[in-house]
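Take a look at this single chain in structure tokens; it is the form predicted on its own.
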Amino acid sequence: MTPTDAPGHDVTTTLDFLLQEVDGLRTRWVAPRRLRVDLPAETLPALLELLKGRAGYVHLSAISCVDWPDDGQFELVYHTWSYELNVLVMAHIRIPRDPGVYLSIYDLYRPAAFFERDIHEMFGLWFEGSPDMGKFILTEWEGPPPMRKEFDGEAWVMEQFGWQEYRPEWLTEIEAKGGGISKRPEQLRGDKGEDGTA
């Protein structure tokens, strides 16, 4: 930590004192009021309870998810804010992609229900103890979780709907003047043939 990366001495002293109570943490100031904490997944509930109860971290502003398929992991980031310290703590954990299950923090932060439900819908993670894991955005969606890195949106659309030529008269007029799109998506890329190979 450099002096320009951390807030005032009182704040860093308070957080350093509290965080030493939780084993296995790595901390790094990424901006004057943004502290990144990397920790084992099983330690997260203890960290959040400590921050909320002893440092005024009463606001959960987001839970975000990053897919790391090459590592076989999901990274969950819990963004919490203290109105007393005016510092955002971002707690980073990693969990296995398979089975993709983690504990809900709904009992600690009620807004977690929305974030967990969204992550379940987009990435397929299951949060044990969350009050509702039902769909709320992709209500008609029957495909795989669309935010996973292996999801190929174009291939899914082609499999579900196929290619349909759409050439109304007004489009052929635009194409005759050099405009419009008259090629299939894979032809436009130029790097793949009809079978998807280079």
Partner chain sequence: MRPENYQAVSHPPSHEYEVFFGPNHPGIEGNYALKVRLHGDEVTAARADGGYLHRGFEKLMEGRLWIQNIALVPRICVPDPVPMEVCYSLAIEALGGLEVPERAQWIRVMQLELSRIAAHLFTFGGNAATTGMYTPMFWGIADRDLILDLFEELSGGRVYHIYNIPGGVRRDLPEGYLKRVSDTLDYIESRLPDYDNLMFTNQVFVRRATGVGIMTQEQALDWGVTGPNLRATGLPFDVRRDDPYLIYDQLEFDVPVEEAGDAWARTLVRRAELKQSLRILRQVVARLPEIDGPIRAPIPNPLAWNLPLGDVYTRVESSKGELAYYVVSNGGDKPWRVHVRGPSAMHAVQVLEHLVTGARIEDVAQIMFSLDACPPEVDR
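Positions refer to the first chain, counted from 1. All values reported here derive from a predicted model rather than from experimental measurement.
Below, we turn to the form predicted in complex with the partner chain, even though it does not appear here.
- Against the partner chain in the predicted bound form, the set R34, M122 and F136 is in full contact: each member has a heavy atom within 4.5 Å.
- Using a 4.5 angstroms threshold between heavy atoms, Y83 counts as touching the partner chain in the predicted bound form.
- Of the heavy atoms in L103, none are within 4.5 Å of the partner chain in the predicted bound form.
- With a 4.5 Å cutoff on heavy atoms, F115 counts as touching the partner chain in the predicted bound form.
- Contact annotation for S64: at least one heavy atom lies within 4.5 Å of the partner chain in the predicted bound form.
- Checking L39, L60, A55, L48 for any heavy atom within 4.5 Å of the partner chain in the predicted bound form turns up a single hit: L60.
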